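Shown here is one chain on its own, the form predicted alone, set out as structure tokens.
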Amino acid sequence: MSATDPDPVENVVATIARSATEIRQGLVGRRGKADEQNPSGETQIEADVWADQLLADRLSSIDGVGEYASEERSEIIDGGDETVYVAVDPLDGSSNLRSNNTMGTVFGIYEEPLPAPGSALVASGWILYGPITTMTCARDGTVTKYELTGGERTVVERNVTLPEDPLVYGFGGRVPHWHDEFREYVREIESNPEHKLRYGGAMIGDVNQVLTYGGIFAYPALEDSPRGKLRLQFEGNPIAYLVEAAGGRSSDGSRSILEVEPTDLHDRVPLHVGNTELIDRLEETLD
């Protein structure tokens, strides 16, 4: 599959959007374990491997794509052209397949070879496989939401911004492994009777709740995992880029995630995203 539109960024976004329906349909019958591990040491689901291969074949063949990298593979695929570089989490929350809960696809489009800092992103977004398949995409400082049907995108909201009054929160990791300072911050958030817990085990579903209702999502540094769980290239940077484009903030605990310099393709990063005032208070508490 080779795209001919001169804008490789739009080609990547359009190809992911067109692939979403097929990925969703292809989950049927691929809920078992693949007897393999990804580079982060996590057991892969059959659907992880399948979705990664489908996106690798399609995205690496687009004119202008220099590299395709995925959370599910250790090596970068050389696309041949050197215009944009694509990093993908093909199935965020694939462990939810067993219980048939929400999942997603996350992507970042960089203007520098991978691994690259978030400041090199030119677009990012996610697909949410919820009751409706949707795409949320950030480019040129604005965020747009789409509904996806039959490979077509229909705009449902332009210039998306986080609501001013935060409503929802969700925090990953086991409570006993949280640092004391983060535990203190969580108690403060939970003490507000207007805040509502939303945590579903698929990061994109939880972050999408924050984008829709305002609030905060975090997968923090842990006692047994100082860099948290989420991958900088495939999850941290793309999500931070989109949330910041929507008027929110991201943080690794002390600075914007977009300022973190990667040292390895599969680097992890503590992730905190949401309304500016909540992230400001978080950094004050963790300082």
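Throughout, we count residues from 1 along the sequence that is shown. Keep in mind that what you see is a predicted model, and the values were worked out from it rather than measured.
Although not depicted, the form predicted together with 6-O-phosphono-alpha-D-fructofuranose (P6P) is the subject of the following passage.
S.K.: Can you work out which of P117, G93, G214, G130 has a heavy atom no more than 4.5 Å from 6-O-phosphono-alpha-D-fructofuranose (P6P) in the predicted complex?
M.R.: If I apply the 4.5 Å criterion carefully, the residue I get is G93.
S.K.: Among A245, L230, A51, A69, which has at least one heavy atom within 4.5 Å of 6-O-phosphono-alpha-D-fructofuranose (P6P) in the predicted complex?
M.R.: Contact with 6-O-phosphono-alpha-D-fructofuranose (P6P) in the predicted complex is made by L230 alone.
S.K.: Using a 4.5 angstroms cut-off on non-hydrogen atoms, would G80 count as touching 6-O-phosphono-alpha-D-fructofuranose (P6P) in the predicted complex?
M.R.: Taking the distances in the predicted complex, the answer for G80 is no, it never comes within 4.5 Å of 6-O-phosphono-alpha-D-fructofuranose (P6P).
S.K.: Any chance P113 has a heavy atom within 4.5 Å of 6-O-phosphono-alpha-D-fructofuranose (P6P) in the predicted complex?
M.R.: Judged by the heavy-atom cut-off of 4.5 Å, P113 is well away from 6-O-phosphono-alpha-D-fructofuranose (P6P) in the predicted complex.
S.K.: Does 6-O-phosphono-alpha-D-fructofuranose (P6P) get within 4.5 angstroms of any non-hydrogen atom of G201 in the predicted complex?
M.R.: Yes, G201 is a contact residue.
S.K.: So in the predicted complex, does any heavy atom of F234 sit within 4.5 Å of 6-O-phosphono-alpha-D-fructofuranose (P6P)?
M.R.: Result no; F234 lies far from 6-O-phosphono-alpha-D-fructofuranose (P6P) in the predicted complex.
S.K.: If contact means any heavy atom within 4.5 Å, which of 217 to 225, 236 to 244, 26 to 34, 53 to 61 contacts 6-O-phosphono-alpha-D-fructofuranose (P6P) in the predicted complex?
M.R.: Answer to the contact question: 217 to 225.
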